[in-house]
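Presented as structure tokens, the chain that follows is alone, the form predicted on its own.
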């Protein structure tokens, strides 16, 4: 049997046999594996990688990472990132812990039911991994100012919603700036790592805005949600899901006229469950349960703990590689399938150069006399945008804000002013707008980047407007 000293001697001997030098390490055994990545060079490292103790210290002391989501995948991500050397983490999640979470969201206990996921997850990881500081944020991702997201070196997503992914993607891409040759400025790139699981299947992807395809570039990868014809729900239900959707989409409005259904309200969900049971008994359909009711109404996808662990490991490794440059990153979409045996595959998707989110921006040509109010109205009519209830910012300055009411009142007077004057009477510039659009008959919020050019200023009147308003 080998002693610890024997093992260390063998490792030292192996190191001297390699042809790549290793920077002297002052770390203890807890960081030994991390040191093997960060303190020595190799043949697969990134182009700007320089092994050093300072790099390790930067990773541990200064690099801030945001984890979005504290569910099954989010719990794994927090644990893996903390054990990978990241000591400054933030986590944001709007949900509270439910009993049904406990089978896979391992950071939570029965006594935690009803508490905010972000707060409990942060507390548990800090209890087990010394030296890690995790700041929880119990709120919606839309509740945070855009500048909040700019404080992080990388954003890691553990979400179960296409809409939430799309929003964070638009936020990260809003920081991206292009030079005069439409090349992305490296200092404005906000990388993301996105993970997702569905039963025994999952994916991990790297998103580097301006360089790799963003979420919007590959939105077609996500199939549309299954929807049932209303005539089937009302007249000929055949499954338990039909009964649940009948109670949710038809019966609720009949009984609760004018009151919106809240999927996160246990009383509302219980009402739908009981009505679905009545419907199922009437047609002799078995299988209606409370958990199934939650799954159908909230579009909950079954989760497997082992899948979450595998995808989280891939995402955490990519995060470490992006931040440190210790190895080349994934290029750029990993799929995992554990239904029968084990199958993984990496696909190199191509960036859409005309993407309205991560591209240089939708080009819009304006008259210098056009007011901010008229500009906002044109965004609603624009064929590529269709944005309503728009807020507008330029170079970090709020030109007009829809909410909160105090900001709306403070910026309302700008609506009657010329956008040319509000932007400092320059020939053109980048404007960020935040508004609501309709996709698949569903309202979604999102950020868009616009390149505004003013007619007749500095000889730009003849510029191709590329589909502008």
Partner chain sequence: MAEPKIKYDRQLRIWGEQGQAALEKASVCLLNCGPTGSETLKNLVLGGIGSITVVDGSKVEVGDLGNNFMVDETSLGESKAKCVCAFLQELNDAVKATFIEEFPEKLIESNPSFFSQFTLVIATQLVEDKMLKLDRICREANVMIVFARSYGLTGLVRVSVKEHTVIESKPDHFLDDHRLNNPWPELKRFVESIDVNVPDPVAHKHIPYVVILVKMAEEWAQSHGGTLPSTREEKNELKDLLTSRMIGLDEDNYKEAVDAYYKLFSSRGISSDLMQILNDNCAEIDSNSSDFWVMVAALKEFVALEGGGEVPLEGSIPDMTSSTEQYVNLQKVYQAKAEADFLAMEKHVQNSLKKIGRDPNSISKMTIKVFCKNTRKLKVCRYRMIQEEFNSPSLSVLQNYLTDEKYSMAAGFYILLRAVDRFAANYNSFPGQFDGEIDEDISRLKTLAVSLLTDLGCNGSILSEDLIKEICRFGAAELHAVSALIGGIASQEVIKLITKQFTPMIGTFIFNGIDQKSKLMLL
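Note that the structure is predicted; figures quoted are calculated from it, not measured. Residue numbers count along the first chain shown, from 1. Between two forms, the rigid core is defined as the largest C-alpha subset superposing within 1.5 Å.
Just so you know, the form predicted together with the partner chain exists too; it's not on screen, but the next bit is about it.
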Review point. Though only this chain appears here, would residue 410 touch the partner chain in the predicted complex if you measure heavy atom gaps against 4.5 Å?
Key: no
Exercise for review: Considering only heavy atoms, tell me if residue 230 and the partner chain come within 4.5 Å of each other in the predicted complex.
Suggested key: no
Review point. Would residue 114 count as a contact of the partner chain in the predicted complex, using a 4.5 angstroms cut-off between non-hydrogen atoms?
Key: no
Exercise for review: Report whether the minimum heavy atom distance between residue 33 and the partner chain in the predicted complex is within 4.5 Å.
Suggested key: yes
**Study point:** The unique member of 237, 136, 361, 71 whose heavy atoms fall within 4.5 Å of the partner chain in the predicted complex
**Key:** 237
**Study point:** Interface residue in the predicted complex among 63, 53, 45, 401, criterion: non-hydrogen atom within 4.5 angstroms of the partner chain
**Key:** 45
Point to revise | in the predicted complex, segment of 213-221, 192-200, 388-396, 248-256 with a heavy atom within 4.5 Å of the partner chain | key: 192-200
Check your understanding: Looking in the predicted complex, is the partner chain within 4.5 Å of a heavy atom from each of 176, 436 and 449?
Key -> no
Review point. Going through 75-105 from first to last, which residues have a non-hydrogen atom within 4.5 Å of the partner chain in the predicted complex?
Key: 76, 79, 80, 83, 84, 99, 100, 102, 103, 104
Practice item. Align both forms on the core first, then report whether residue 323 has a C-alpha shift of 2 Å or more between this form and the one not shown. Key: no
Review point. With both forms fit on the core, has residue 279 moved 2 Å or more by CA between this form and the one not shown?
Key: yes
Point to revise | Core-superposed C-alpha of residue 243 shifting 2 Å or more between this form and the one not shown | key: yes
